[in-house]
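What follows is one chain in structure tokens, specifically the form predicted on its own.
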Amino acid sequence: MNRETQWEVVIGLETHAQLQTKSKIFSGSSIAFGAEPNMQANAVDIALPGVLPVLNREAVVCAIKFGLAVGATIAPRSVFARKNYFYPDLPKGYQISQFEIPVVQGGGLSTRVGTGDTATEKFVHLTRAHLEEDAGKSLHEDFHGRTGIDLNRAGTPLLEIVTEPDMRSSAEAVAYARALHSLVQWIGICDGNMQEGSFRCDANVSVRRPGEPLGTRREIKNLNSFRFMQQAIDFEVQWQINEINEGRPIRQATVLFDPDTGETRAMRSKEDAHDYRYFPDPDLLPLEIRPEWIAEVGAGLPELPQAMQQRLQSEYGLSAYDAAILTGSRAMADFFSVAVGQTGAASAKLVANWVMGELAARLNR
């Protein structure tokens, strides 16, 4: 709630997590980062005549892992669709995605907003998570007056994770994004490298006065930094409030955040689902996931962060804050567990303070 002006902020996030497979979602091309432009795009990735896509099994395993980790429903049958739109870096003229029946449905993620013992719990509900392929990349900086096209990313496997509009501040949005970022690395489905584009978020932001219907949203695209996410949302919220106070309506749009100016700027009018003319992809059979497969994948999942937090509190008497910090990454949690195993449970608090304090500071340096 914006107390000064009595506005309520409404935020939902769409996150693209690049899956840790060895090859693309519908072809055998490598997804290794850093290759020369257009060296990792084959005939399937750009849909040359006569080629057929084949679904990457490991991408489905990643989706199942995520669904289980967030308490979602894994659809026994899901469908791939063609999402039709034109961009220079999408040579097929469509993206293979999922629309009406996604592979992961529902679920949610608990986060802590704030710092220290005053932090509050926030549960963010998920709408869905679906498998899709990435598009290529348009290169502007190295070509004066022209645009280069690199199709290496075309066909890279993504899991798009969509929340309900549950967040009410930029702080809540960042807390959720950090928790999600930690989780996808924890369960080994995404390396989380934001600089390389492996984890990027779109923020749907609107404002309303309390009790009013939802306002018109604007989508801030491709946020690959938690700091930029907070700055972008804060600017967008104030911009929308100012527009409404000046009597100008908010128009649905896709916007970009400029970190140099700290401002958002409209890129294009925002499309709705019907603009993409979704229809089932005729080249791909429905994806069927049997209960035995789900059970097999679930058996290989590690202890999840929230369960570990509760265990650290009950077994070692650590505070909720300490447990949350220690499970902020799988590496730190594993290191703490090994250290306590060597020193004994009686020294858990001492070990926790050392890991969170001196060790963390040295690693940061």
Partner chain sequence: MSDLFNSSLRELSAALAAKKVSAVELASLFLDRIDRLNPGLNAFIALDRDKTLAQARAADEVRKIGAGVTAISPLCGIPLAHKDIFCTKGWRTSCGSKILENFVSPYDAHVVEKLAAAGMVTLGKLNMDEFAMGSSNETSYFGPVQNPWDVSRVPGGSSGGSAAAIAARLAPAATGTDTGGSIRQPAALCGLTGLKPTYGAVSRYGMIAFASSLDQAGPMAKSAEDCALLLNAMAGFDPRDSTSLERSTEDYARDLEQPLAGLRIGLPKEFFGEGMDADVRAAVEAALAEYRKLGATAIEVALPNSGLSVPAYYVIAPAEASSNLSRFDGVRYGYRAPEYDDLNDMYSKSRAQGFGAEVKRRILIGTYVLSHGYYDAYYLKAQKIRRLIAADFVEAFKHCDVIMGPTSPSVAFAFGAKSADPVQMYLSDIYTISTNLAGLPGMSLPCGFGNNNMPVGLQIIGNWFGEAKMLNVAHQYQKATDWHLRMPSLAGAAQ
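Please read these numbers as outputs of a predicted model, since none were measured by experiment. Residue numbers count along the first chain shown, from 1.
This protein has a second form, the form predicted together with its partner chain, left out of what is shown; the following refers to that one.
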### Message
Is Leu52 near its partner chain? Define near as a heavy atom within 4.5 Å, in the model of the complex.
### Response
yes
**Request:** Would you please decide whether Arg277 lies within 4.5 angstroms of its partner chain in the model of the complex, comparing each non-hydrogen atom pair?
**Result:** yes
Taking 4.5 angstroms as the cut-off for heavy atoms, does Ile46 touch its partner chain in the model of the complex? yes
Given that its partner chain is not shown alongside this chain, does Pro91 nevertheless sit within 4.5 Å of it in the model of the complex, heavy atom to heavy atom?
yes
Checked Leu151, Ile187, Ala179, Ala72 for heavy atoms within 4.5 Å of its partner chain in the model of the complex; positive is Leu151
In this chain shown alone, the residue from Glu219, Asp283, Asp166, Asp191 with a heavy atom within 4.5 Å of its partner chain in the model of the complex is Asp283
Assert contact_stretch over 81 to 89, 252 to 260, 223 to 231, 102 to 110 against its partner chain in the model of the complex, heavy atom within 4.5 Å, equals 81 to 89
